[in-house]
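Only one chain comes next, encoded as structure tokens, the form predicted on its own.
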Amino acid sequence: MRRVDTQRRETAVVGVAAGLAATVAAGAAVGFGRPWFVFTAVRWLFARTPDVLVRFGITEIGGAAQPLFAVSVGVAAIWVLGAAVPLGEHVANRTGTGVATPMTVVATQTLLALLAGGTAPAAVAGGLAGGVVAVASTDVRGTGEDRRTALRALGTAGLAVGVSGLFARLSRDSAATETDEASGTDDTVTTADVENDNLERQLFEAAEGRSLDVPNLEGLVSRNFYQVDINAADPRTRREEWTLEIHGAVDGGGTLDFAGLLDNPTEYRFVSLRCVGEKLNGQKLDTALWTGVPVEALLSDVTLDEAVTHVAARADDGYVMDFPVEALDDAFLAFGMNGGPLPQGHGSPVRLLVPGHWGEINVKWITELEFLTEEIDGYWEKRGWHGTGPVHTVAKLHTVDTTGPSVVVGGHAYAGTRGLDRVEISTDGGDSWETATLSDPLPSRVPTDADPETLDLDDPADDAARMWRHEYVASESHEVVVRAVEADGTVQPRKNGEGDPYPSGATGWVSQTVEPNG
């Protein structure tokens, strides 16, 4: 019995090692990008996950939900591929052929990777890596020395993964070099045709100068801009490959490439985005300086059918959002962010920005604008969300500092394109209100060819959050409540249900109990 238990443990160890080697080697062969069968399986499973579970992940787990899901699928893949080892042993025992085990491992793991949606080269790379582990572990199997088996199996798995990753990296670098030489371009240069370093510097200095001094609170421009999307691995499209198709119920539509995009007037804009799935006092409200082209410039030669009511924005990852066509009036196609290229995670090479609307319709990796005569359900609408309308007004309470002789509280406030008049704060649970200090608005849109010497930065941005700060003396425990007042005097509603973001975004007065020092 002890002998049988030892053999089972050895088989399990070699199976896990072979599964690990196959999974990681297959990923390395495609740069751990979208063709990796793990990500293909994640996408397939996520599309079939019940809406209630997706909602729980968005609202309760947040940005960590998808990585956790991907890790879980990856672990499951290791175990499934590892099952090829006991299968191989069974075949070897039945046929009396020693090489049957590694051969079965290679064949089974390759087939499983292909069935899971992996590419043929990556599937073969994974199968071979798993087979190498099976071969290398053969001569220590059955010795009763579990530790030797484990070390040999895991060591060989690590070697197989490292070698496959090295060859994959060399292959990708070589392909990228050939592409760059052929095109004469470099994706690390983002706004070479439009950049104005002095102008950018002046805009960032204005943002820094208008940011309030609030302890432990990021300024007006976000360095760590939140990211939310439907992918385990984001699309990777070079600028030379990118196109935007404008079609539907229009006359004069067509296909635009990146060079054609740059033929239009370009400008800088400070724009904020807020995620419809964030909790009331969540951290998914950020602002950046974007570089891009107004959508209206692209539509100057396009005539919309009189019956057009909506537009569907589609992305390279299959994501689609539908929203009223009027929202495009001030929309923007961004290809730069905070003075650099648009990062991959934010939609490189081009994303859509729709002022004053929830983040979900600010489509990343955009490839299509289709004009429609009737409404359709977008990606999130099919899952019960309704975030295609204007964003809700909110005042966040993100800093409570009681380390000094007085209490300092602060945060960011945002009302979309409606603008802010003031932020009010109550230190007695909402019985009385005072006006907090509100930062000056960020500058409005600026053409990239503007003269920095004559630049007017007094015109406020259309769609950018502002900071607020309040300092007061308190000696007893109390409840702080904050609310925003829009430019026309409309007071932010006290609450939307219980502040639950589902289905159309959270709003309400943020409150927190404060315990002063001493």
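Computed from a predicted structure; not experimentally measured. Heads up: residue numbers just count along the shown sequence, starting at 1.
The form predicted together with a small molecule is left out here; the points below concern that form.
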Residue contact check: H412 to the small molecule in the predicted bound form, 4.5 Å heavy atom:
no
Query raised in the report: Taking heavy atoms and a 4.5 Å cut-off, does G82 contact the small molecule in the predicted bound form?
Result: no
TODO: Tell me, yes or no, whether W365 is in contact with the small molecule in the predicted bound form, where a contact means a heavy atom of each within 4.5 Å.
DONE: yes
Close approach of I230 to the small molecule in the predicted bound form, 4.5 Å, heavy atom:
yes
Interface check vs the small molecule in the predicted bound form: of G127, P349, G88, G359, the one with a heavy atom inside 4.5 Å is G359
Only hit among A122, L420, L289, C275 for heavy atom within 4.5 Å of the small molecule in the predicted bound form is C275
Given 204-212, 315-323, 428-436, 297-305, the stretch touching the small molecule in the predicted bound form at heavy atoms within 4.5 Å is 315-323
- Item | Within 4.5 Å of the small molecule in the predicted bound form, all of G253, F332 and F371 (non-hydrogen atom) | no
